[in-house]
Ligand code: RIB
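Taking the form predicted alone, here's one chain by itself in structure tokens.
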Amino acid sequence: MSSVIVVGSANVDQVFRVERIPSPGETVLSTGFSTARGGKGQNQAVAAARAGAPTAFIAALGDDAFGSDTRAGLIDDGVDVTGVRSLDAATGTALIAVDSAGENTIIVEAGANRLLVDLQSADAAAIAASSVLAMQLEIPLETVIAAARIARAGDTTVMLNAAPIRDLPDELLSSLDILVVNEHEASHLAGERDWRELTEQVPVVVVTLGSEGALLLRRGLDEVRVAAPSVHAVDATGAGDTFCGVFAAGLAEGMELEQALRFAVTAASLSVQSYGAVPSIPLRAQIDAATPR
């Protein structure tokens, strides 16, 4: 049985390093190029697995070389790929530009990810048997809603990282135990309201604050801020996903929310010190060594 199950996207990232992100109509020269595994679902599944959680992944890959390489990489990371299907489509691809300050812009072609629909009975059984379900929004919304409904019917904690941001139906929000968003996403969902009012819809809301750490909001309780360690960031790609996957792993392990938050903030701070999404995700020993006691 997996303690964390991720339903989400898998991409191949094509990463260009640039001195600065180009403006519209501008051409800049790259100072380096690499190809690596990515996609929010894959990043979070790998992060949970490297953090020590038995992890399963439900996703769709293309029946192509990128798909084969991605599946092999997931297996090498110890992720259960029973629920990863191969379809007659191109594997999802992301085009990423990373500037000298570590900031990035990303364009995603969903490819096979948009075909991840119609969860099977085996998928439902795997979700129901897991401690934590982690999802994102790079796959069809109806699949996210269906997975949340399955998890909600059992004892599985339902966590959504609402990225890329979009308006969310009440049916989905009412099925969530934990909502993870960055500042932009929190403002989008809250509208004119204070972020704290999001807890009227979801009992636990985590707002990631980049280099400032993270904010924990719980219905009826005081907020908790966890500061991030000061580090030299070279690439923020995948840092939020590292946070989410490690946070899910900590919860599945039985950590209290605040402890899991510190665990995840530390992991994210380690990830920004290396290039790439999956390549930058730290191992459990590295996170433990860097986590404040």
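The first residue of the shown sequence is 1; numbering continues from there. Treat the numbers as computed from the prediction; the structure is a model and nothing was measured.
The next section is about a form of this same protein that is not shown, the form predicted in complex with the named molecule.
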So in the model of the complex, is the named molecule close enough to residue 106 to count as touching (4.5 Å, heavy atoms)?
yes
Distance check, residue 277 to the named molecule in the model of the complex, heavy atom within 4.5 Å
yes
When the contact criterion is heavy atoms within 4.5 Å, does residue 138 count as touching the named molecule in the model of the complex?
yes
May I ask you to state whether residue 245 is within 4.5 Å of the named molecule in the model of the complex, using heavy atom distances?
no
Quick one: find which of 66-74, 255-263, 38-46, 220-228 has residues within 4.5 Å of the named molecule in the model of the complex by heavy atom distance.
38-46
So which of 94, 160, 214, 150 gets a non-hydrogen atom within 4.5 Å of the named molecule in the model of the complex?
94
From first to last in sequence, which residues of 52-75 have any non-hydrogen atom within 4.5 angstroms of the named molecule in the model of the complex?
none
